[in-house]
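Next comes just one chain, in structure tokens: the form predicted alone.
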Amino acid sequence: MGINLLYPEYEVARNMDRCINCRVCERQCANEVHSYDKEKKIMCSDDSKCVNCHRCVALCPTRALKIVKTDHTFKENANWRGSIINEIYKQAESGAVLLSSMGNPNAYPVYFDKILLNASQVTNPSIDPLREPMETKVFLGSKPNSIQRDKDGKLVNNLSCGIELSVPIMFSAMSYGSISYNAHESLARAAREAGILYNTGEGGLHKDFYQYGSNTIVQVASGRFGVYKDYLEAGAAIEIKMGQGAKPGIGGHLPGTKIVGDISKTRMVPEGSDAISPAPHHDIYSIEDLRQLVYSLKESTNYTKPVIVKIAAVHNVAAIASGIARSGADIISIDGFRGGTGAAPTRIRDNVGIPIELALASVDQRLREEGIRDNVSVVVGGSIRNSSDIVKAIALGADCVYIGTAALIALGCHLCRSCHTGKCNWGIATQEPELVKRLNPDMGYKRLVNLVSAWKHEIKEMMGGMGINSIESLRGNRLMLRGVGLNEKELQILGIKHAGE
């Protein structure tokens, strides 16, 4: 056996004076970090297996445990950092592509944190959302350029099919297989309760969840897993996934170990077989090809479902969005480079794509300049962390946002970034029955509803402070934004002034 060059990233700090050998930590850890030494009658830990999920810390009855970052270090070198050295050790040992979960953690600029909201004072008075009307409802889909009336002067409904949301939030695509049945049930029930939508991801829709169809977006990805007529008709909208923020230009892969039971039936993939989505759709190599699929999906559902096209935020995203707006799509979804995922090649996750703030501003400006902004709605995702991120995104031009990681955190996720192992200690990104049952959907959906409700109240407060009483009045209203610590080029792309102007 060769020398193990990898030192554990985390260490389990156990207070032996508090530890009562109850062995809860041993039973709760799917990674087998904890064990009981019968001879010494003490609990022991294998730090090399710890992923810092905090399950043991949260459930220890005597607070005897904490997880600490190891102080082991390499010789200081600004170029050859310890993390880079460890990655080389891993690949030299395994010969494998590095995989990572839950989005880009690197210290790139977070533009939302460098944008401030304007506030009303005297000439444009603020609005009290507790006592005055405040509209958070949004409608997604193509909007007509003019109002039509019949010969009697009555309005003619010339709206195309669309989506109505009580608040500009939707749960983003997470497939059944990448996350558990209980996690999917929590999202579906919360979407119905909150009056919003959730997205199935590229894995089909479990038969149990067809009852939530009016709050469901069904996805068609390059692998076309689980896609058939009943599936398309089950949802309120259809999303064509061309790309995602965590891995632009890369396909998907669900290991055969997760293709079991109902997942196999839902995805229409034999048990034990890897579900591999190719990087491109093999019938789409142009906007014209995309248009054909858009209208094929509309035709198959009698033009009753709006079609979304999801793309990753990349350098020429504005031009791509312009083409999509002309393809017949009703909604464009853009996923920024901090978007989460169950598994992505580390090098792709950390080096491809652009921040969602810059992509959104560029797309909104391009569509406005071409006079086609009302042809489509724009939904953005990629690390929407709180209600102020939502307000800023809408002011930059979004109609609505997708949240994924935030929703999982609400369910108990601790961002331990080990989703790809299938050993999620919180019952979210796993298919192991003993782990899945740790997430109670009766509690999970209520936590999600609470999150959406809290953000809705905060959105109203911020809009009121700006003297704005509807999401529609906020959309693209960049006069309400100011930048701090941004250079001239960044301010130009974002289309906002610097604070103090």
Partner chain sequence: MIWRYFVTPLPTKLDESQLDEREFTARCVMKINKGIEGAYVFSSGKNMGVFKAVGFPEDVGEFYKLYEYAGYCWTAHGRYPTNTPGWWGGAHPFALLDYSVVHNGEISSYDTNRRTIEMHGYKCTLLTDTEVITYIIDYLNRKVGLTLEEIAGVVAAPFWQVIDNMPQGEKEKYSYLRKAFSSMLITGPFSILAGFEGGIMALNDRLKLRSMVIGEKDDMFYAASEECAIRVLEENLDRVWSPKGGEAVIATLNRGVL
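Residue numbers count along the first chain shown, from 1. Nothing here was measured: the structure is a model prediction, and the numbers come from that model.
The form predicted together with the partner chain exists for this protein as well; it is not shown, and the discussion that follows is about that form.
- Residues with any non-hydrogen atom within 4.5 angstroms of the partner chain in the predicted complex fall in just one of 156-164, 180-188, 199-207, 338-346: 156-164.
- Among the residues M466, C56, V452, I459, the one placing a heavy atom within 4.5 Å of the partner chain in the predicted complex is M466.
- Site annotation in the predicted complex: the residue of W80, Y295, F139, F74 reaching within 4.5 Å of the partner chain with a heavy atom is F139.
- Within 4.5 Å of any heavy atom of the partner chain in the predicted complex lies no heavy atom of Q492.
- In the predicted complex, at least one heavy atom of R149 sits within 4.5 Å of a heavy atom of the partner chain.
- Within 4.5 Å of any heavy atom of the partner chain in the predicted complex lies no heavy atom of G272.
- In the predicted complex, the partner chain lies within 4.5 Å of some heavy atom of T123.
- Residues of 460-476 that come within 4.5 Å of the partner chain in the predicted complex, judged by any heavy atom, are M466, G467, I468, N469, S470, E472, S473, L474, R475, G476 in sequence order.
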